[in-house]
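A single chain, nothing else alongside it, follows as structure tokens in the form predicted on its own.
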Amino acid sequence: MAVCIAVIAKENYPLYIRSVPTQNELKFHYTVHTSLDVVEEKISAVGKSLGDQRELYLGLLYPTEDYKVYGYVTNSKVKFVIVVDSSNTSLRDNEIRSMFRKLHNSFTDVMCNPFHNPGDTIQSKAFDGIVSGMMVQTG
């Protein structure tokens, strides 16, 4: 499963980042922020070719030696990034898609909360629970 899950706002600041193990948190912040360039590149390339009928799932953004980074963009330009361990070869593309769908649905629930201000960091226990279910269980 995922080792890092991030939600990035339209203006490219983090709304939510969670990683396992926590001692690599700074490394994952760097990985997520470097992936934003690839996300922007894919959005602009797809936008030119298909008009506005774009696929929300961006697929594999880039692989590194240790991790694979996947991306997803909502219609409101909020970006989801999931980092998966490269050694996990059993994880298929449709499983990554379903993780993004579940994350998007939970994000929508957070945004529909009347007590949440759009643009603030996400501090929902329900959202945290969904993310925890997607993370690698260590120990």
Partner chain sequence: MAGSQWELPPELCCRPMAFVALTGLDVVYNAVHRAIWDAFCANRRADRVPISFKVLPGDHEYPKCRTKRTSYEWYIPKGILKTGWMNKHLNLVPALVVLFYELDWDDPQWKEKQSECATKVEIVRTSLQGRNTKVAVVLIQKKTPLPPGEDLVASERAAALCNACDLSGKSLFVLPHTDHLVGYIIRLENAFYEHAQTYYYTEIRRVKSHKEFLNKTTHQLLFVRHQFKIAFFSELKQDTQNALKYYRTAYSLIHELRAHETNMLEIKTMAGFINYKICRLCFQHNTPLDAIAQFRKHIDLCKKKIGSAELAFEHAAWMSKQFQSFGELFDEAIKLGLTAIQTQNPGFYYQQAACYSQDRKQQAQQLCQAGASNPSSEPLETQSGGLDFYGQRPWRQGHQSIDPPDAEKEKNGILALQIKERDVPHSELIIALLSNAVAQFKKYKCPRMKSHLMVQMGEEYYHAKDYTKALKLLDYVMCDYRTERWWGLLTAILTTALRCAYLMASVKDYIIYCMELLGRASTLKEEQESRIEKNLLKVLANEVPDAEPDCDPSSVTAARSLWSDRMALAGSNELTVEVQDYIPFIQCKAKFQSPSFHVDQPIQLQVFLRADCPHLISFNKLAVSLSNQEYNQWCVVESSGEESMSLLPGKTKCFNFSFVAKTEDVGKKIEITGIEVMLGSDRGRCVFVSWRGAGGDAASTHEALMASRSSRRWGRSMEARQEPDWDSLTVQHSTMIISRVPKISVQLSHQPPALHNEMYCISLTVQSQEEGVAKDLKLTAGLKPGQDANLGQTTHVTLDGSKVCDDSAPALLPDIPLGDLKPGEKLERSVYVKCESCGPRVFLFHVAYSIDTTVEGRQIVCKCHKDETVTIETVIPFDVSVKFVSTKFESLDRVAVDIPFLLMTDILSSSPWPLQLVSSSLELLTVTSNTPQLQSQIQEVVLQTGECASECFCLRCPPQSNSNSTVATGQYLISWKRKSSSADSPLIQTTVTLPHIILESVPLYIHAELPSFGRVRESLSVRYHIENRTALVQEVEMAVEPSDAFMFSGLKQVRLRILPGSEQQMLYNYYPLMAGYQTLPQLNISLPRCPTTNTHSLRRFLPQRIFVKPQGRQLDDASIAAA
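Just so it is clear, the structure is predicted and the values come from calculations on it, not from any experiment. Numbering follows the first chain given and starts at 1.
From this point on, the text means the form predicted together with its partner chain, which you will not see here.
Shown alone, this chain has one stretch from 102-110, 68-76, 88-96, 23-31 that lies within 4.5 Å of its partner chain in the predicted bound form by heavy atoms: 23-31. Using a 4.5 angstroms limit between non-hydrogen atoms, residue 37 touches its partner chain in the predicted bound form.
Its partner chain is not shown here, but in the predicted bound form it comes within 4.5 Å of a heavy atom of residue 17. In the predicted bound form, no heavy atom of residue 58 sits within 4.5 Å of its partner chain. Remark: residue 128 does not count among the residues lining its partner chain in the predicted bound form, judged by a heavy atom distance of 4.5 Å or less. Contact annotation for 5-21: residues with any non-hydrogen atom within 4.5 angstroms of its partner chain in the predicted bound form are 8, 11, 12, 13, 14, 17, listed in sequence order.
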